[in-house]
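Only one chain comes next, encoded as structure tokens, the form predicted on its own.
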């Protein structure tokens, strides 16, 4: 299935920390409900009530790809994703150490790396996220949505500043 430049859009402000995305990912890829085997990880800061799903960003200039000493990682242009060839991978974990997002995982049981493969164009984390904290959208829509959100924050900040000025007089 062709992805047409789609990417995972993660909105941590919507995430409730339920970790269902981790469960369905592990079941989809490994047939077991074990979040440590997931390709998406929810980072949790309980005291702050902050939950941030982290997944491979499918970087255009992927450090994991350029850092792999045996060439086991390649870009699949058709699917718009970075893939690991497990027949070539030697499990050195260089990709894990160079990923700036911490999205490359190493499974000590299987002795291999694991990363998001976008479920071949139908990400299960997206399908099961009831609050839509994880969405699969066209890459261009991400930029528009971020601009819209930034503009809204700027507008709110301007209104709050004007209200403070009004009260100061």
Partner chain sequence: MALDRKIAYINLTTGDIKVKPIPIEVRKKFLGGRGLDAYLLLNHTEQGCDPIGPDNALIVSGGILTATCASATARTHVMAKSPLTGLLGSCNMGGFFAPEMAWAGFHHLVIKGKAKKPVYIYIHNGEIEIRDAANLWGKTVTDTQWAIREELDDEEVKSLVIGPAGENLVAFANVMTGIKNAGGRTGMGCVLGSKNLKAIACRGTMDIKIAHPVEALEYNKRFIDQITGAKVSQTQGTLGTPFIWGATNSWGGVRTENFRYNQLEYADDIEPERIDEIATETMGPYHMAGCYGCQVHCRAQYKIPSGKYKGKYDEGPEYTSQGAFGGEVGCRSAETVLAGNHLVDQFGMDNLETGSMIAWAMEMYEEGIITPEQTDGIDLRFGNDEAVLEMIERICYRKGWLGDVLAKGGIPASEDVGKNSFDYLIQVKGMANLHSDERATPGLALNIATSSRGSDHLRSRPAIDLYHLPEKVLRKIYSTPVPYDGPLSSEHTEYIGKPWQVFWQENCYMAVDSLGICKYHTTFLGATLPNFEDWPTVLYYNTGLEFTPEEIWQIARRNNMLERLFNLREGLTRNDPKKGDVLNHRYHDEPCKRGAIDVIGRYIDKEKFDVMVDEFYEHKGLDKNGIPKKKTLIELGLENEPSHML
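Since we're looking at a predicted model, the values are computed, not measured. Numbering follows the first chain given and starts at 1.
The form predicted in complex with its partner chain exists for this protein as well; it is not shown, and the discussion that follows is about that form.
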Practice task
Give a yes or no for residue 131: in the predicted complex, does one of its heavy atoms lie within 4.5 Å of a heavy atom belonging to its partner chain?
Solution key: yes
Problem - Interface membership of residue 49, its partner chain in the predicted complex, 4.5 Å heavy atom rule - result: yes
Practice task
Report yes if any heavy atom of residue 27 sits within 4.5 Å of a heavy atom of its partner chain in the predicted complex; otherwise report no.
Solution key: yes
Handout entry: Residue contact check: residue 109 to its partner chain in the predicted complex, 4.5 Å heavy atom
Key = yes
Fill in the blank from the handout: Only one of 98-106, 35-43, 65-73, 52-60 sits within 4.5 Å of its partner chain in the predicted complex by heavy atom distance, namely 35-43
Completion exercise
Contacts from 16-31 to its partner chain in the predicted complex (any heavy atom within 4.5 Å), listed N to C, are 16, 17, 18, 19, 20, 23, 24, 27, 28, 31
